[in-house]
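In C-alpha cells, one chain follows: the form predicted alone.
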C-alpha cells in the first residue's frame, strides 16, 4: 500500500452488494485504488428498494441473500455497499459468512470534522435515518453539531433512473432534497452526508439545485480502502468480472443497461433457495 491509499499489488475477487445499482459507485472506488482486483457486483433487485422495507423483513432476508450470492460468486470479501443494510444487519451477515465482510458507515465523522458552520445535512433512506446505529454515530462523532435529517426513497428511484439513462429533471431532484434546507437551520448547512450509495450518482445535480453552496460527501473512498486492507494477503483471481441479480434479467432492463455501462456482462440470476432444500442455487 502506498501512502496515498493506492494498492497496486492487491489481488483477489471482491463482491460488492446493494439493493439496486447504487453500489456501482463503491465498485468504482475499489477498482480505482485496487486495479488488479476483480470486482463483481450483486443487486437484490427482487427486493428493491430497501429503504421502505421493515426492519424485520430486512433482517430475515439479508443473511439469506448474502449467503446465496457468496455461494455462487465465491469472492474473497463481501462488501455491503448499502447504508440501510449495514446499519441494520451487518452483524447478522457476518455471522453466516466465512469471509471478511465490509460494511458501509454514513460519513458523519468526516462531515463533523470539516464543517465550518457546525450544521450538517444527513441525506439517506428512511431506514438509515431511523436506525439506532446512525444515532450512535451522531452521538459519538457529531455531538456538538446540528444534524438535519432527511429520508428519501424518491431520490433512490431518481438515481436508478438517471443511471439507467432515463431523463431526470433538475426540478425533481431539487424537490426531493428541498426539505433538508427548509427548516430554521437549513440556511446554515454547509455539508451534506450522502448516506445512501445511490445518491453520489446524482451528486452534480444535487449540488446544482441546492439553494446555496454545499459540500456533498460520501463514504465510498473509505469503504474501498477498508476492502483493500482485508485483501492484501489474498491470492490472484482469474476470469472476467461478473454481475448477479435476484430477479430475472428480462424484468430488469434498467439494471441491465446500467451494468452494461459499467462493464458488466449479462447478470446471473441467483435464487435464495432451491425448492425443497435450504441450499442456494443459480436460478
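In this text, all values refer to a predicted model and were calculated from it rather than measured experimentally. Positions refer to the first chain, counted from 1.
Form predicted in complex with a small molecule: not shown, discussed below.
Peer 1: Only one of 195-203, 107-115, 209-217, 132-140 has heavy atoms within 4.5 Å of the small molecule in the model of the complex; I'd like to know which.
Peer 2: Residues of 195-203 come within 4.5 Å of the partner.
Peer 1: Examine residue 48 and determine whether its closest non-hydrogen atom to the small molecule in the model of the complex is within 4.5 angstroms.
Peer 2: Residue 48: contacts the small molecule in the model of the complex.
Peer 1: Since only the chain is shown here, I'm wondering whether residue 156 would be in contact with the small molecule in the model of the complex (any heavy atom pair within 4.5 Å).
Peer 2: Yes, contact at 4.5 Å.
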